[in-house]
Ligand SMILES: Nc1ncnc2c1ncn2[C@@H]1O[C@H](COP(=O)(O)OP(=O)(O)OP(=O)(O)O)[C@@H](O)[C@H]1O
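Okay, so here's just one chain, in structure tokens, the form predicted on its own.
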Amino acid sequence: MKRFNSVPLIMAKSIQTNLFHNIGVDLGTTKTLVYVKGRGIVVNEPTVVATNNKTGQILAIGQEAEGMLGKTPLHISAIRPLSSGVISDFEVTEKMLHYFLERCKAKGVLGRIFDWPRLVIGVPTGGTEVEKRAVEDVARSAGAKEVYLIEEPIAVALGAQLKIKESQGIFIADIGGGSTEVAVISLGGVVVSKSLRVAGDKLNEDIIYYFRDKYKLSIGEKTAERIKIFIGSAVDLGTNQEMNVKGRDLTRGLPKEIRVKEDDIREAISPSLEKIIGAIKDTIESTPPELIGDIMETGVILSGGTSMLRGFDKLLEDSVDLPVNLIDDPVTSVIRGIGIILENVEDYKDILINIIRENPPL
């Protein structure tokens, strides 16, 4: 009986594994984070790209491009190529992702020849198949040979070191820059979910409109973001903070500075916060009764940059009558979960999404 020697096959598989870098990407509306297996988080940059409108040339990406927002001449545009968690400019997103992947490549000739990445990218649970395919197409256009998607709430649960494959229910509320993702997870999958395109960017818009309507003062997005961070709050914390804000007087067209209070900002953003809480309540109401008991014990796991708004955890806890736990380092929760997948691919390959499915799981 002829026997086949499996050693060459094992060696070939080992070589292939070493040639392919497993890379994870959290492609967010406001931040893009990249994780490389064995190295950790290597990119944490704003999702902003500056281009020359005349030539189409990319002038800056990430932190440098963010510094140009609202300050560019007519021939230069500084834009966010994602809106509400969805790709809005395919070509610019592809160039940005390619730039970040190049930064992750190994050095030297071998790195240039063999460093073909396998990508795992987080996607919203509420994304359509078209939107998910757009993410995959962008990744392939940027140089990835294999692309797998993971729903962001599952990545958050993994980032929180929770056992997602057990029958116990896990309630995740991930409030980022462009969207809010709410999901109940059990047995390695999403049981109930709701996606809302109201999050940090919408709060910034609320602040801009509030200043325009109440104070007749025009301010920019970056100013609104600073106001939200420094004196924004979801409930009255008794701090009564104030801040000087500079902008353009809409009645005279001249520079103007006013002093605003914490109460003003809370008034501006409260309607959007209520929408977020409404989405969380709707998800709780849709949760199967058998999982409600689990959620009453574990509570709501909060993640995402907007979840750090002062007092939001208290407002949510009072609104839903459940314990609320803010995850450590909420901004990196998705990419840390993706990193866990990359370090233990065989354990998690059943939860990855491969739309085209031309290749087997990692």
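All residue numbers refer to positions in the sequence shown, first residue = 1. These numbers come from a predicted model, not from an experiment.
Keep in mind that the form predicted in complex with this ligand is missing from the display, and what follows is about it.
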Worksheet, complete the sentence: Answer key: of 60, 308, 41, 320, within 4.5 Å of this ligand in the predicted bound form (heavy atoms) is 308
Response to the item:
Answer key: of 146, 151, 201, 264, within 4.5 Å of this ligand in the predicted bound form (heavy atoms) is 201
Worksheet item: In terms of non-hydrogen atoms within 4.5 angstroms, which of the given stretches 320-328, 51-59, 26-34, 292-300 touches this ligand in the predicted bound form?
Response: 26-34
Worksheet item: Is residue 228 close enough to this ligand in the predicted bound form to count, meaning some heavy atom within 4.5 Å?
Response: yes
Fill in: Any non-hydrogen atom of residue 176 within 4.5 angstroms of this ligand in the predicted bound form
yes
Worksheet entry | residue 169: touches this ligand in the predicted bound form, heavy atom cutoff 4.5 angstroms | no
Fill in: Distance check, residue 81 to this ligand in the predicted bound form, heavy atom within 4.5 Å
no
Response to the item:
Those residues of 81-105 with a non-hydrogen atom no more than 4.5 Å from this ligand in the predicted bound form are 85
